[in-house]
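For reference, the chain that follows is the form predicted on its own, supplied as structure tokens.
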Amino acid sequence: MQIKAMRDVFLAALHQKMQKDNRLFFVSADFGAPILDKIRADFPDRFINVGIAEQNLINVSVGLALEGFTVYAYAIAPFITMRCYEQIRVNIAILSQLRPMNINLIGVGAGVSYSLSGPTHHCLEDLSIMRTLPNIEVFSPSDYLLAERYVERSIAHKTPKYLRFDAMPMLPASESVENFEDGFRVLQIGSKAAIIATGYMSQKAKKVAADFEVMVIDLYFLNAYDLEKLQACLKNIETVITLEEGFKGVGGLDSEINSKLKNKQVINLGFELKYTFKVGSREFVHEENGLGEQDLIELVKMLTNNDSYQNKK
């Protein structure tokens, strides 16, 4: 399998769809990619660059969606979610409950994938704030295969969506995507514990759990997955670890799982409520926040050896 970026694969597949469907419209907040040059050149009447103005990006995109277009609004993840949160809340979350609209917010730079750019470009709040809005589906893929599969869903489901893409090219977490609409997939079978992760952290969970009898679940639909199937997968598991590249304890992945798996011991792992100003690699930022590979391996080792470990949240 090749190393590819989520956005490149998604946009390439979208470009193919735009050749056949003249109701697909793309709006960018002055954020580029090589494939976007091709979209702009091939469909100049269905591509708008609004400039560095994310609030206006939302307003223009909503206007197009209300006219019946399927709209893709594209910007850096922390900016498309936080710079224009009021516009998303009022013009998308609230208005979509009254007026149907198919609008897809594409945020690139999930978690600390822009690790060298510091806390202004780290995106640790988006899972929490986007999950709290009614009427918006949150999609947090772990690789480009999932991103590519989502193109069909983004067209077919006439509802608002937030697509949380990693900025870095990477290998797939799994070589196949079965039962995509379930909203999750099992990356590794295990019986002693389970890790439920999302986005890049699903890749990391699979890596650190490789030598242990631990189930690894990649949850990519944060609020639209098949809960009954997930519960069935975890039927014989007593301890569940949630792992996210976002702030913990404030409404992200951990909040979702804590509320749905109340009969399990759940250990929540994520970033503490502080920003990281030290600059380094992604793993360096993780290590600074207790989420380094060795930190996770030590925790999994304690759990699988049945050593006592108090539930820490």
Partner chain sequence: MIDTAYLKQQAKFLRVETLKIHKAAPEVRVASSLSPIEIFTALFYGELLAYNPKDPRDENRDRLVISKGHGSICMYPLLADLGFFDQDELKRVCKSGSFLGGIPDPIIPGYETVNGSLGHGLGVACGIALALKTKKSTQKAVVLTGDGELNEGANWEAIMCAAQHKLDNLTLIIDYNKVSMLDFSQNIIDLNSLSEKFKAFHWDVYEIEDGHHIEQVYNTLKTAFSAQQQKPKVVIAHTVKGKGIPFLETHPLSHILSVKEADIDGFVEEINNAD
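Numbering follows the first chain given and starts at 1. From a predicted model like this one, the values you see are computed outputs, not experimental measurements.
Separately, the form predicted together with the partner chain exists; it is not shown, and the next lines address it.
Chemist: Does the partner chain come within 4.5 Å of any heavy atom of Ser113 in the predicted bound form?
Modeler: Flag for Ser113 set to no.
Chemist: Is there a heavy atom of Leu64 no more than 4.5 Å from a heavy atom of the partner chain in the predicted bound form?
Modeler: Result yes; Leu64 sits at the interface with the partner chain in the predicted bound form.
Chemist: Taking the shortest heavy atom distance, is Leu95 within 4.5 Å of the partner chain in the predicted bound form?
Modeler: Heavy-atom contact with the partner chain at 4.5 Å: present for Leu95.
Chemist: Contact with the partner chain in the predicted bound form for Phe69, defined as at least one heavy atom pair within 4.5 Å: yes or no?
Modeler: So Phe69 counts as contacting the partner chain.
Chemist: Using a 4.5 Å cut on heavy atoms, which of Ala33, Ala53, Leu261, Ile267 is close to the partner chain in the predicted bound form?
Modeler: Here the answer is residue option Ala53.
Chemist: Sort through Thr159, Gln188, Thr239, Gln87 and report the residue having a heavy atom within 4.5 Å of the partner chain in the predicted bound form.
Modeler: Contact with the partner chain in the predicted bound form is made by Gln87 alone.
Chemist: Looking at 212-220, 177-185, 79-87, 162-170, which stretch has residues with any non-hydrogen atom within 4.5 Å of the partner chain in the predicted bound form?
Modeler: Correct option: 79-87.
Chemist: Which residues, if any, of 3-27 lie within 4.5 Å of the partner chain in the predicted bound form when only heavy atoms count?
Modeler: Going through 3-27 in order - heavy atoms within 4.5 Å of the partner chain in the predicted bound form - the hits are Arg23, Phe25.
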